[in-house]
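A single chain comes next, written as structure tokens; it is the form predicted alone.
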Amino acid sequence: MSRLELIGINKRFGDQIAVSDFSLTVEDGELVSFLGPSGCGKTTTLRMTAGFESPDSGAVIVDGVDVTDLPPNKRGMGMVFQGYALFPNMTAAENVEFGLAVRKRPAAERQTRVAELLDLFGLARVAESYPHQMSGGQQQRVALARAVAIQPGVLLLDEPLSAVDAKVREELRTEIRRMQVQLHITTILVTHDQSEALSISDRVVVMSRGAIEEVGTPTQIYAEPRSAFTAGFIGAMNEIPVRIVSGAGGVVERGGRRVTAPGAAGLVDGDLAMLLIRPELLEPLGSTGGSLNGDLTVTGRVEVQTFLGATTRLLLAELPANPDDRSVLPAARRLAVDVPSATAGRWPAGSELAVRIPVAASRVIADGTAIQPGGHA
């Protein structure tokens, strides 16, 4: 539909910086998520894109046209709000038709378009129902259909699934992606739900304190985070202290063993760094074991088991390989290890477990202090 550019957007509310030097290009037909904790500036950025807030500086460009000073209804954008914002005195069909009627489209065109969208969103059977007669999921589908009825160049979604339960949320996010791909609408989704962002986005913009932390595909953001904040915010992440032996060669050391690790190249020789790895990548070796095939191992005592369905998460407190280890490097924070639930009984609380750390699947960063112990589930 349209190419959207946000260039050097800044916004303050009094002494508080809400958005700082935000620049991003969203390509035609791309779905990009703004992901971050509450108060990070993602909704404010969306509202400035839509025209409901004015930036202190910067520009909003759509297909090469500066729309920064245009009102919302002149920007060619559709928006879906967190709370549906349906007209309570209108049926589902009338809500979907509203934007078309305001634009004075011919009656026949309106009827055809409404019928197409009601069918696309599975709403035909509630076409004559009022919002209070529909479920939350149906109301949100109506809100989506109304937003795309006018064929906007850009679709803006502000926490669109936060008001529905978990099962409906999962169904609706799939519906949003199906609709977005089918209609080829350039879309921005604001969410604090990482699973939502990672499952349906082409790219994810991780935000913190009003600024972009990093931008990447869901796979890049999850598997190759470039900052401690992203590593800690996205999924559960283990952090294991290592020493940089050779920044030139990307070599790190732990427990007397040296290995080449992704991300270590260019770091300062002798500095402490953090090796990051996801719980599902750690491989149980039993009660004892050494390094295998150029990888590392950590031995710990199981403190807690958490059932997660197909997998169970074991929380380990690291045990030093020898009495001198702790004087050389700090112990790893509590290690999360995901194992098949069918085998979790092998490692009850109190048992000892050695895990293999596949170094090639890890990433080293200079500072892991921003990650909370145990990562974020």
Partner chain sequence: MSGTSIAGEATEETLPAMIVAAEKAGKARRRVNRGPRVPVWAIVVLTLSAVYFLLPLYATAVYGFSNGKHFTLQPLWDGLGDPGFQTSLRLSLFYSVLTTLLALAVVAPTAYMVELRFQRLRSTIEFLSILPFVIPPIILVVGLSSMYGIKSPVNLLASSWAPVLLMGGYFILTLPFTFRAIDNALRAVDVRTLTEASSSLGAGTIRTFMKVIVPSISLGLVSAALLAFTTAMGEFTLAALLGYPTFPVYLLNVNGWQPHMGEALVLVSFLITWAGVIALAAVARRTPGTQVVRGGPM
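Predicted model only: the values in this text are computed from it and were never measured. Residue numbers count along the first chain shown, from 1.
Form predicted in complex with its partner chain: not shown, discussed below.
Interface residue among A197, I234, I244, M77 relative to its partner chain in the model of the complex, by the heavy atom within 4.5 Å criterion: M77. A heavy atom within 4.5 Å of its partner chain in the model of the complex is found for exactly one of L281, V126, L267, M90: M90. In the model of the complex, its partner chain lies farther than 4.5 Å from every heavy atom of R209. Although the partner is absent here, G83 lies within 4.5 Å of its partner chain in the model of the complex, judged by heavy atoms. Although the partner is absent from this view, G136 contacts its partner chain in the model of the complex, with a non-hydrogen atom inside 4.5 angstroms. Not displayed here, its partner chain is kept clear of G263 by more than 4.5 Å at the level of heavy atoms in the model of the complex.
Note on the interface: of 139-147, 297-305, 189-197, 111-119, the segment with non-hydrogen atoms within 4.5 angstroms of its partner chain in the model of the complex is 139-147.
Within 4.5 angstroms of its partner chain in the model of the complex, the stretch 38-52 places a non-hydrogen atom from each of R47, F52, taken in sequence order.
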